[in-house]
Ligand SMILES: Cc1ncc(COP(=O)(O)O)c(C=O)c1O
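Encoded as structure tokens, the following chain is the form predicted alone, with no partner shown.
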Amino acid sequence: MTDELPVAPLSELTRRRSAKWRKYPAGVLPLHVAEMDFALAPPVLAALREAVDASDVGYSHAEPELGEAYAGFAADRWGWQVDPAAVTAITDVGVGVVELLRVFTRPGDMVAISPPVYPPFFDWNPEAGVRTFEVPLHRDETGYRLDLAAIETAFALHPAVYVLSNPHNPVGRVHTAEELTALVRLAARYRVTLVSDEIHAPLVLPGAAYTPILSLPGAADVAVAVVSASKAFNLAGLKCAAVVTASARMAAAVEDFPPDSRWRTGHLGVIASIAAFRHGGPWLDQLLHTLDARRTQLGRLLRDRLPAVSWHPPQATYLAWLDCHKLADDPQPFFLDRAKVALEDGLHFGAAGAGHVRLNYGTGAHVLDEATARLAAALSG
């Protein structure tokens, strides 16, 4: 059996200086932001050390290595054939989406999204000068999914773009090939461009299968994907993502990015991403095994300690979307104040997030045990 990735004691984790560990006062256990607690993958750490030791910290130059590395990774993990030349480095996924919106829209256009969804989805549209049109996910006893009927109704109103979260953050839904095929057909029928945020794609857990949007028939002409190693390999602060296209039309759109875009990508981020895509597979497999164990552990702890909290175990990511309606309309401040556990407020993900919190379980068993013990004690006290 594969060993789990270790996580340092809390006394060591609290010495980190990232936003996860600095946003809240000492004593608060931070499980809010999407940042894991595992050590870097050895190939990534080695590549970064080699660059720093060589004082190789100048401007980035991603071509052609980043595209080649990602294409190899996509072929190995998903059987998806990517043209390395169609992979364009960008600062991060958010920057990539905003630049794509600027290309595909005119001021005042509508851009559709499906909440509850990653909070920056609500911020990218005004940054690009467009209006947000919400098409909420459908929810039933089995969980969340794209509401294709509602999406068709929305597309008939002619939004310029639909921004997809695939897999979906925060609910952890891995959209099926059938659902995505239907979405592509709707986009083609109503002439809506699909921008697919696929940052969590490498984090699909056992029991589910990821479908790259661009691997589907007809998608090349209507869709573009934004990808990154940052979530799966914990590299967010190094600033490197990529826009992937599969048609001349979409490639031309990327060529309309501001000329200085290439200089805004982190050099160490490019180096780390290439190492992750080329050599990080074994570590990623160990990570997925570990996250599967944490998902199971969290389910057990919720059942035993927090029975009033309900959830649908995520198919991907290390993020749990917890329904706390039976406890409070706005549970995040209560847990922060009473339990000293920082969770992400569900309202940040849209109105559909009322009564919910998002919990990051990309950590060690000991941290998850401590967090749920605090939450339970706060409720009982």
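What you are looking at is a predicted structure, and each value in this text was computed from that prediction instead of being measured. Throughout, we count residues from 1 along the sequence that is shown.
Below, we refer to the form predicted in complex with this ligand, which is not included among the displayed structures.
Figure note: of the listed segments 263-271, 127-135, 194-202, 292-300, the one touching this ligand in the model of the complex, with heavy atoms no more than 4.5 Å away, is 194-202. Note on the partner interface in the model of the complex: the residue among T245, S230, T211, S114 having a heavy atom within 4.5 angstroms of this ligand is S230. This chain lacks the partner; the member of L180, V93, V82, A89 within 4.5 angstroms of this ligand in the model of the complex by a non-hydrogen atom is V93. Not one of Q315, A320 and N360 is positioned with any heavy atom within 4.5 Å of this ligand in the model of the complex. Remark: A51 does not count among the residues lining this ligand in the model of the complex, judged by a heavy atom distance of 4.5 Å or less. At the 4.5 Å threshold, heavy atoms of S165 reach this ligand in the model of the complex. Within this chain, N234 is remote from the site of this ligand in the model of the complex, having no heavy atom within 4.5 Å. Although the partner is absent here, Y118 lies within 4.5 Å of this ligand in the model of the complex, judged by heavy atoms.
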